[in-house]
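What follows is one chain in structure tokens, specifically the form predicted on its own.
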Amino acid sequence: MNNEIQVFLNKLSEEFFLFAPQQDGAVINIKEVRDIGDVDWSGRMPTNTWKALFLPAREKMFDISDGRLVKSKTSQPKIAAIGVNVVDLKALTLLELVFSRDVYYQERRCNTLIIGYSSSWPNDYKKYKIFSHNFEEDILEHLIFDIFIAQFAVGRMKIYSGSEKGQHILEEGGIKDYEHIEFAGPISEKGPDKKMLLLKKKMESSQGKRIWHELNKICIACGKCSINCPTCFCFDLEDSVDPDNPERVRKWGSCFYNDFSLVAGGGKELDTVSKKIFFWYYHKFVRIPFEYMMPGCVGCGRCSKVCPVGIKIEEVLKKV
């Protein structure tokens, strides 16, 4: 990365806690930056996701006072998410829609600066082989970000702002040569993605098909796929009745966990592995596209990498 960006990030670190992809043993992980020189600019997909910065694994929501829920007073630190690739920007754009009215998410988002990055624009977008999307010419117009750094194959670099906050930060950091892109909403002007709609139709009619019975024999319902997915957003609410510290917390959930569909009286809808895995795919490729006109999967491949029994989402979708 050139010296201008290095100087910019050093100045940014005076105001923000920086998080970025970094080499962590044999893998790339997103973690807090202690030294700007440790930031990985290779463009390789991190093993973990950015989700935890925006939707913590455990979050205190309410205190309980005199039998009433009172919103917890929390202090949101200023965070800069640096080097977010295009695929992960798509995931954050979906989360922005899902939690558009969630005050906890929005308070955190207001204090977070999103800096997207491409190591070889736009070729790295193509190399991810996003099976549920067509390639769009106007990619950045439909993504949520504050700043985007595009590195071209010829060695040229271009900087974009995607919000007023991004413009302000760039100007303050001494970067004047940038182009502003106005967010045009998550859906292309051409309408919803045709591949997404075709897959939605195929998935809707796939219940009871052989593929789900085959997966029932090998899936162990560990939930690693959903926990490592950048777009999975299911959560549980848990009340503590400790008289000294009564509270309500929100915790990451998973449709693979045994208590996910448990209701009063002990009934459970997702009582077999085949039902759980079908539910997961149906949520991503039917319900989310129906509600948000976006796929619930961005094709990052993290679920395939962490699956202990080798289930590959792209192979499952081909069979569907």
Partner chain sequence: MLNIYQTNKVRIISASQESVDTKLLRLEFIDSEIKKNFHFLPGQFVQIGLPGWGECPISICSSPNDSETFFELAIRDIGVLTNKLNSLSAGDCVDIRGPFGNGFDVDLFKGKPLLLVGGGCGFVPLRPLIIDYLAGRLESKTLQILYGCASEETMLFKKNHAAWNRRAELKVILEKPSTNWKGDRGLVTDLLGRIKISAQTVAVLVGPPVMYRFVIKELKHKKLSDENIILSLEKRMHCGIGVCQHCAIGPFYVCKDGPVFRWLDIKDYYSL
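Numbering follows the first chain given and starts at 1. Definition used throughout: the rigid core is the maximal C-alpha set that superposes within 1.5 Å between two forms. These figures come from a predicted structure and were not determined experimentally.
A second form of this protein, the form predicted in complex with the partner chain, is not displayed here; the remarks below concern that form.
Among the residues 164, 171, 189, 239, the one placing a heavy atom within 4.5 Å of the partner chain in the predicted bound form is 239.
Using a 4.5 angstroms threshold between heavy atoms, residue 102 counts as touching the partner chain in the predicted bound form. Within 4.5 Å of any heavy atom of the partner chain in the predicted bound form lies no heavy atom of residue 32. When the partner chain is considered in the predicted bound form, residue 260 lines it closely, a heavy atom lying within 4.5 Å. Put simply, residue 37 is far from the partner chain in the predicted bound form: not one heavy atom of it is within 4.5 Å. Stretch-level contact analysis of 111-119, 178-186, 76-84, 92-100 against the partner chain in the predicted bound form, using heavy atoms and a 4.5 Å limit, identifies 92-100. Within 4.5 angstroms of the partner chain in the predicted bound form, the stretch 45-84 places a non-hydrogen atom from each of 61, 62, 64, 67, 68, 69, 71, taken in sequence order. After superposition on the rigid core, the Cα of residue 259 moves by less than 2 Å between the shown form and the other one.
For residue 66, the Cα coordinates differ by 2 angstroms or more between the shown form and the other one after the core has been superposed.
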